[in-house]
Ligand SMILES: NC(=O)c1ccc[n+]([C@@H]2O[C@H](COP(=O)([O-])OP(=O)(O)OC[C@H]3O[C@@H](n4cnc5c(N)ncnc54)[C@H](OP(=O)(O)O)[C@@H]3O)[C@@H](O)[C@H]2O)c1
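Okay, so here's just one chain, in structure tokens, the form predicted on its own.
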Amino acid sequence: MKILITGANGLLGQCLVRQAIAKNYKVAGIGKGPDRLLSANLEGYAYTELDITDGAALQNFILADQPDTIVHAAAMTQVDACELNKPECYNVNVTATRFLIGAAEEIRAKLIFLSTDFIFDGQKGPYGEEDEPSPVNYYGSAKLAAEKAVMESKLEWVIIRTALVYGISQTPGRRNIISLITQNLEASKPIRMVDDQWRTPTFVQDLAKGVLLVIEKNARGVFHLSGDQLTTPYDMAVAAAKFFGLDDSLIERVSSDELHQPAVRPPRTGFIIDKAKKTLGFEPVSLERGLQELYLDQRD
């Protein structure tokens, strides 16, 4: 089987490429900028720099590459940037997805679309797959519009929603909550973390495994893939500081209102992952175990 991964340079993309290659899949990756896994010399992996908002270029590539399955992980995910630049957010998250759908329909490829907990309003999380979406910011609205385009397509499709993905990127400067915490605390810089937003943090290695389980099980429909521990960014930061031996006194507990961010955040999301556990055999590690694995990786 040949898999095409969009956003191959991202945190999930890099991890997914490595895991797919280890399972002897033939993998093609597309993304912004040069190949960030080039130094790995991965046999069976080919990378192409490509702008997914260029519909003609995307279609030509897919028609030539002929993947069996497309994992669409590329997205504009910076929530405040999406709020401040709505046309770009829509172009990357919705229009590009429609381009991808059109090309995939021509070759009858299966599409796996990565979505977010931010399609929900956060009033009654954690959420199951059947709960009604109601986004409170533009990023969530754009991802929901992309979901609808996928559902209305002629494709065999899967939508994977995830939440607060963390890990250590192979690429300097690629930030997620853990790298933000560790980089600042290692430099003795104070950080402010909210204690009134609740999520189920997702270890990137688990998410990549979940995507491959979807492929292996030939699953269809909507799946929630995340950790199963509900926690706040503040508590997560304190836990990370302790694991990495950093000064947690530099972490300031704040409320969402104190940050004055352009985009509203849903207060309580997170996911119920019973369907993924039962149907796919998905078993995420605990937050403690995920942090421990990151700590050990950094020491190696």
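Residues carry their position along the shown sequence, with the first being 1. Model, not experiment: these values are computed from the prediction.
Although not depicted, the form predicted in complex with the named molecule is the subject of the following passage.
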Selected contact from Ala263, Val238, Leu42, Leu50, since only one has a non-hydrogen atom within 4.5 angstroms of the named molecule in the predicted bound form
Leu50
Would you kindly say which of Ala208, Met193, Val214, Leu164 lies with a heavy atom within 4.5 Å of the named molecule in the predicted bound form?
Leu164
Answer yes or no: in the predicted bound form, does the named molecule come within 4.5 Å of a heavy atom in every one of Gln59, Leu111 and Ala146?
no
Tell me which stretch of 246-254, 25-33, 228-236, 59-67 has a heavy atom within 4.5 angstroms of the named molecule in the predicted bound form.
25-33
Val92: touches the named molecule in the predicted bound form, heavy atom cutoff 4.5 angstroms:
yes
Can you tell me whether Asn137 touches the named molecule? I mean in the predicted bound form, with a 4.5 angstroms heavy atom cut-off.
no
Spell out, yes or no, whether the shortest heavy atom distance between Ala276 and the named molecule in the predicted bound form is within 4.5 Å.
no
Evaluate Ala104 for contact with the named molecule in the predicted bound form, applying a 4.5 angstroms cut-off between non-hydrogen atoms, and reply yes or no.
no
Residues of stretch 1-21 in contact with the named molecule in the predicted bound form (4.5 Å, non-hydrogen atom):
Gly7, Asn9, Gly10, Leu11, Leu12, Gly13
